[in-house]
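One chain is shown next in structure tokens, namely the form predicted on its own.
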Amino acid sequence: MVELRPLGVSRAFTDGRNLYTENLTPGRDVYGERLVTLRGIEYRQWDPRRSKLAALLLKGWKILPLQRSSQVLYLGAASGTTVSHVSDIVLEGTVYAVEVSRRVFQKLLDLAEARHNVLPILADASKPDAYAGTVGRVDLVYQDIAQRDQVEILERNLRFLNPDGTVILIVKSRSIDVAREPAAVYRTVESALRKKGLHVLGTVPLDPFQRDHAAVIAEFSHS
């Protein structure tokens, strides 16, 4: 029998090898993930090869600013794989899920029908004026957009972040500069974030789960 222990994040758990979140919608999976029931509670396995946030946690990052009531702005939501696990965690909060592709947006809509705390927004994250009237102040800006101007897109969305909030920027190095070593690209991104008034808490390469990707975690500099 699988034994789960708390991960240090609300409603997230580990069996020592795999991650799980307590299922907000028992009986329903989102992307074919394994469902496990223990002592009457159902959990969803959180796949690090499908979710960069899961990869970040499995690589040992401990400080995830998500609580039951957290407000999250998720940029680059795609079909909602990771969004669904964030939704499990922020039971009483909101996940503002921004996605520009109409092709995958229907899956986000379907997800939101079953999950009260997911608010799908069809918009270009580089133009946040389009959803400024919808998104309130958030505790976390999570961005997973594979474009060269990733840092600029993040900067435009910092207006929504609480002064004591956190940023998790997923950097796909090959989208920024295919010719440079990923580690050099990550250092460039860190420098750019500092110039924009952020304090970098850490950079975690996500290999082998996500090749040539890293998560850069930052907050507003209060110095």
Ligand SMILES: C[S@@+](CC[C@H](N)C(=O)[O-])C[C@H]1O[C@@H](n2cnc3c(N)ncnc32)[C@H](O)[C@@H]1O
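Model, not experiment: these values are computed from the prediction. Throughout, we count residues from 1 along the sequence that is shown.
The next section is about a form of this same protein that is not shown, the form predicted in complex with the ligand.
- Interface residue among 111, 138, 145, 89 relative to the ligand in the predicted complex, by the heavy atom within 4.5 Å criterion: 145.
- For residue 73, no non-hydrogen atom is located within 4.5 Å of the ligand in the predicted complex, even though that partner is not displayed.
- Interface residue remark: residue 124 is counted as part of the site for the ligand in the predicted complex, having a heavy atom within 4.5 Å.
- When the ligand is considered in the predicted complex, residue 50 lines it closely, a heavy atom lying within 4.5 Å.
- Residue contact check for residue 77: one or more of its heavy atoms lie within 4.5 Å of the ligand in the predicted complex.
- For the stretch 96 to 111, the set of residues having any non-hydrogen atom within 4.5 angstroms of the ligand in the predicted complex comprises 98, 99, 100, 101, 104, in sequence order.
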